[in-house]
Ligand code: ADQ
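Next comes just one chain, in structure tokens: the form predicted alone.
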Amino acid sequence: MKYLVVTSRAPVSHEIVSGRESLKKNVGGVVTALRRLMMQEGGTWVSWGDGNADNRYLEEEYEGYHISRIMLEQREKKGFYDDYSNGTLWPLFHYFRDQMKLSPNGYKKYEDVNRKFAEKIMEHLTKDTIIWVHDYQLMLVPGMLREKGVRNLIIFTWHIPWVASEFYSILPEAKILLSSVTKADMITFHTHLYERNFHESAKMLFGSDEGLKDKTFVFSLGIDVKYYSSNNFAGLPSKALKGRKLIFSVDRLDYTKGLISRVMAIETLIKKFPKSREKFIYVMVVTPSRTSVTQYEELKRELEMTIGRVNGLYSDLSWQPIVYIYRKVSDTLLMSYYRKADIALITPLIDGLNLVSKEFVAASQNGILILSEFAGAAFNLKDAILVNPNDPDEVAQKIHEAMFMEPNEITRRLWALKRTIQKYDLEWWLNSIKNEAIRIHEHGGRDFRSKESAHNSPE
């Protein structure tokens, strides 16, 4: 049985830089998982070719599977990706009403590009192909495929939060998009909350979620635990810390990540617990994102001003509370921070999952995870220290507790977390979805759910 994977971005991009062509691997937990699937099972991966040399590789054989790319004109890219996917849907599904841009033209381009994806999928379909569509950029694809008469099994995996029904319903195209997603045979989420919100949205907009109860599943994406547990990565030199606790975070620049709130929590820590001063160093890594978008540039400017103000108030010749790094860091350096950090401070305002938290747990040998209760990863990382990222006093209090936590309690929490991520790792996620798809396929019905899968991920 072959898979036809559909994502907005390809696993690799072809770029021309300074006249030389290069191959760039796209990174991230979802891409890593899907690459493993395709290398194991074979098939076709349909995606948008966003590299500046991808037009030379519309059809490409790679790692034992086929990549088929869709090329977009600049106006299509702006409407589909910038205006609607990231200007409307991204803020909507993260409860940022003030960031939403309602754009009829953006939706039209979104619709046009989704149709291009559907047409490209049709070119590569065989009778037994399982179609696996991913995320908010491609919500119209399942419905478009059914309109074209496609009867293949369709999986749709949702990777970001699904918001409460009252909030989702403010979107003018809410019914159209939801109706399309429901045409899939399997719809998977990372948490039970997102699944419940999805059902409530159906009830609000259609009067019922009848027919959906046997279609939705909760499988929280895992990581390659063996890779992050590897001892092949060197640690940071201890002398650089001078006996201080290392607090660490790494995030993409985005208003959902709570970056400024986190800096405020560090300031509150120093104010509220004066003895903590000079007892820690907070290394804050922020990777560039959507650098051409005005609000992201404004966010970066405000973040850097806040960091500068806090450092200016509390630094001296021997200590600076916040070390700010604005660039993508290598895997080797990232793993070194994971290894050495005493505390990982992962406090997004809201996050669909957040694999950094799981990566830290796998790599850490003696660290404490402080995690936002609004990150999807909190769904099964119950032994982390969970905090409300909107409350700098609470976050500061928990950082202080973590700095002086008893070694036995640190070990207990960390190893409980390690057992969880080992049980629900990347292979578990892939196999859970694959096995359920095969069962549905073999029983030939779209209302079948196996007894074995009734509880999915633990609640």
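Please read all numbers here as calculations on a predicted model, not as lab measurements. One rule holds for the numbers: they count along the sequence shown, beginning at 1.
Keep in mind the form predicted in complex with ligand ADQ is missing from the figure; the text below concerns it.
For the residues Lys203, Arg277, Lys328, Lys101, the 4.5 Å heavy atom test against ligand ADQ in the predicted complex is passed only by Lys328. Checking Ile155, Ala363, Ile160, Ala118 for any heavy atom within 4.5 Å of ligand ADQ in the predicted complex turns up a single hit: Ile160. Per the 4.5 Å heavy atom criterion, ligand ADQ in the predicted complex is contacted by stretch 28-36, the sole one of 28-36, 55-63, 416-424, 403-411.
By the criterion of a heavy atom within 4.5 Å, Leu72 is excluded from the residues contacting ligand ADQ in the predicted complex. Ligand ADQ is not drawn, but in the predicted complex it has a heavy atom within 4.5 Å of Trp90. Ligand ADQ in the predicted complex is approached by Arg252, whose closest heavy atom lies within 4.5 angstroms of it. Using a 4.5 angstroms limit between non-hydrogen atoms, Trp132 is distant from ligand ADQ in the predicted complex. In sequence order, Asn354, Leu355, Val356, Glu359 are the residues of 354-392 having a heavy atom within 4.5 Å of ligand ADQ in the predicted complex; the partner itself is omitted from this view.
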